[in-house]
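Below you will find one chain, with nothing else, as structure tokens; this is the form predicted on its own, and questions on how it binds or moves follow later.
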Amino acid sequence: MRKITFTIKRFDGNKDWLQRYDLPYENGKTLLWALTKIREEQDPTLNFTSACRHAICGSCAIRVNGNSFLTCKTALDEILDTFKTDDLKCEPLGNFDVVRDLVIDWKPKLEKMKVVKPWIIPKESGSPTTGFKQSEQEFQKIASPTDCILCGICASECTQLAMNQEGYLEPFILNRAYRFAVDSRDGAPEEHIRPVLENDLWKCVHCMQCVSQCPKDINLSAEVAYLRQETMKMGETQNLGARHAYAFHDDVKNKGRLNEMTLPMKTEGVVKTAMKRVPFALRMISKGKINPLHMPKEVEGIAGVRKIYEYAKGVDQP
């Protein structure tokens, strides 16, 4: 009989260890079914959270073989087919404190979320008695970000957060800032956006892990791009992130490619580049990785590149 082996990372508040459980394979089951069966039939001390079983409450997310999943939504067959193995390692979500076994602590994250004021700051045009009117188009701007169920998967997958938990905000917090900043009933979008800028907004590396693993298919990467654009409209154009973005924009528009020799100077300034980058640049030159005399020419088809820029100007923003 085919067996599925679950190796689960246990934690009792003091120490952690790996514990193995074997389950007979059953067709058409979910990851949550497997965890529940282990707890009910093999080990009642195993801790994990779940509630709605319909991908609504977001409470049952864990990591399996290094990737985060919502266990109630994820088919066991899908996992076995994805990883091509019957050995599954289950761990709590990454970038969270752990309470017990697969149970994570949300309290510090929710406290951290308050910095972006995740609530509507009403416009003067509305009131508790007359309410607020929204067009369908205005509602559609908040429809997708409101789908977030706070499952924590985006934070678990975030590569920037793995290195920078103190300074960077979790992707679901960025989503909250975006959701209220674009709400037509909100009268102070800057109060949601500025805290994001002050917490390393530009350090998102666009690895897309949060997007690819989000069980609600929320385009978090596009939300980050919007928040960055809004900070630039607020006049925040002299930070490293904004200057780097302008350098990319101008190089590609002018030549169709990046000039990697001048990119650091445009981003950090000549003095800082000389102080920080010259030794590294000299090593690159000595290894033949870069040519300081090379000045990129316009790529073939540069006219088409510039048409894309013109087209992008006319694209409707959220």
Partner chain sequence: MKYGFFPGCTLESAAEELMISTKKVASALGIELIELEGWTCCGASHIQDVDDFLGVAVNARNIALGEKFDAPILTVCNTCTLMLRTAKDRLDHDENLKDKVNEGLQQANLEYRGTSEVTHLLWALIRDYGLENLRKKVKRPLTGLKVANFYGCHIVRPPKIMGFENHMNPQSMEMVAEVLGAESVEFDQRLACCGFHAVFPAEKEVMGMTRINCLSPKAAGADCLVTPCPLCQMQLDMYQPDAQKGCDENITMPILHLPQLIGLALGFEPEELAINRHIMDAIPTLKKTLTFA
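For the two forms, the rigid core is made up of the largest set of C-alpha atoms that agree within 1.5 Å on superposition. Just so you know, these numbers come straight off a predicted model, no measurement behind them. Positions refer to the first chain, counted from 1.
There is also a form predicted in complex with the partner chain; it is not shown, and the following applies to it.
Checked against the partner chain in the model of the complex, the candidates 110, 234, 207, 75 yield a single residue with a heavy atom inside 4.5 Å, and that residue is 207. Just one of 164, 134, 140, 125 comes within 4.5 Å of the partner chain in the model of the complex, counting any heavy atom, and that one is 164.
Stretch 273 to 281 is the answer when you ask which of 53 to 61, 26 to 34, 273 to 281, 40 to 48 has residues with heavy atoms within 4.5 Å of the partner chain in the model of the complex. Although the partner is absent here, residue 241 sits close enough that one of its heavy atoms falls within 4.5 Å of the partner chain in the model of the complex. In the model of the complex, the partner chain lies within 4.5 Å of some heavy atom of residue 228. Contact check for residue 212: a non-hydrogen atom falls within 4.5 Å of the partner chain in the model of the complex.
Interface residue remark: residue 96 is not counted as part of the site for the partner chain in the model of the complex, having no heavy atom within 4.5 Å. If you take 242 to 270 and check each residue for a heavy atom within 4.5 Å of the partner chain in the model of the complex, you get 244, 245, 246, 248, 249, 252, 256, 257, 258, 260, 264, 267, 268, in sequence order.
Annotation for residue 18: C-alpha shift under 2 angstroms between the shown form and the other one, rigid core superposed.
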